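Only one chain is given next, in structure tokens, and it is the form predicted on its own.
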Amino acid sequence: MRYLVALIIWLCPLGAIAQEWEDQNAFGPASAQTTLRVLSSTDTSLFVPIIEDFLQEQPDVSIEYFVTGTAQIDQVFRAAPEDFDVVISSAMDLQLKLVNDGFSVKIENLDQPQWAQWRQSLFAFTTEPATIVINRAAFAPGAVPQTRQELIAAMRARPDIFRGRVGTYDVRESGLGYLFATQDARSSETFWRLMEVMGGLDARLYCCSGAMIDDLVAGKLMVAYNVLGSYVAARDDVAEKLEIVLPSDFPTTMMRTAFVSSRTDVEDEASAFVRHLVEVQTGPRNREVFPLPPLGSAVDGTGQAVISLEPALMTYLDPLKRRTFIKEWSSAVIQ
């Protein structure tokens, strides 16, 4: 029997309920003895299978699942850490800082490689590349750009096709977008040339991958940069219209992470949820129950290193460095 019940969520006692959520749902029996409150940046549709799988093993537990943007997760959780039991986000740098600032608890003896966890408190469960997603209508067969430099050349050659129809994250608002942009900028100066070209074409700016994918399908965009390819692959309605390109020059691959709040009053159940999430994602059942990619290796399929869970990841969270980066990005993109 499936445990998904109801649901646009009922009124609940969370102090953070004034937050305007992208989505909020409840799962499991209303009579459950324990309710887990999960704050996440992952679309509900992609998490339903893992939640239901967990609840089959935990009949006395229910889950309230709250979805908001990666930057908002950091703000909402810091304001009321007692309101949530598990925090899940793709913004690795913000997650690492929350853990470093003492907002998490350790989960002992969780079988996880060292590169995919931080101090037994923050645990990665996917590896996901940032991709270029192309509307096939913009390119002839075989002419889809495979590198950032090729994309720059294509957009410069046909500005009439791409003006107002290229998109990327608004790094001022998106935690994941900021992470991808800073990592790209560290890897190559090509990133800044690409931003300048997209800015000159009146780039559209977005909060999240899902919104970019919707506009690509609708034909409002011809190219979207730094989209999570897993979100595209999970949709059944886009294969004929869209093509996912993993840039061959320097792919940027992040890990989605989870931790248990240090202010939770249901630590055992919250830890069990994170354990289950990690075990499913690293085990043979992954593709049966969870549509997001599994945790891969520390090196992606192109031989490039995945973004590491290490203190250097927080460099661009320094207020001065962040202001400087945002100023340079704004000069390039918002022309």
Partner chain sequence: MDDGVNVTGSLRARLALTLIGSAAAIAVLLFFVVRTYSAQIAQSGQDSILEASVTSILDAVTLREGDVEVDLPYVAFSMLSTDADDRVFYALWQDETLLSGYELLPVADAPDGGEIVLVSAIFDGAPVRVATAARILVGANDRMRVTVSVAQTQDALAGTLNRISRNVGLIGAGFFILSVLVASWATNTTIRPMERLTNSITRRGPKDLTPVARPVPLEMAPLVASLNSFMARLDTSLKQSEDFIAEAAHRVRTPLATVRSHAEATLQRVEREDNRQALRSMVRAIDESSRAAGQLLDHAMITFRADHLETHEVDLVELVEDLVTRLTPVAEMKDIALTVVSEGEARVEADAILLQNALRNLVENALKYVPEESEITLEVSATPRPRIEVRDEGPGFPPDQMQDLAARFSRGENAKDTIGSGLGLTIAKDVAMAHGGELTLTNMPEGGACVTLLL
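In this text, all values refer to a predicted model and were calculated from it rather than measured experimentally. Residue numbers count along the first chain shown, from 1.
Below: the form predicted together with the partner chain, not depicted.
This chain is displayed without the partner chain, yet in the model of the complex the stretch 114-122 from 187-195, 252-260, 161-169, 114-122 comes within 4.5 Å of it by heavy atoms. This chain is drawn without the partner chain; in the model of the complex, the residue among 238, 152, 99, 88 with a heavy atom within 4.5 Å of it is 99. By the criterion of a heavy atom within 4.5 Å, residue 183 is counted among the residues contacting the partner chain in the model of the complex. For the chain shown alone, residue 314 is a contact residue for the partner chain in the model of the complex, at least one non-hydrogen atom being within 4.5 angstroms. Using a 4.5 angstroms threshold between heavy atoms, residue 23 stays clear of the partner chain in the model of the complex. Although the partner is absent here, residue 60 lies well away from the partner chain in the model of the complex, with no heavy atom inside 4.5 Å.
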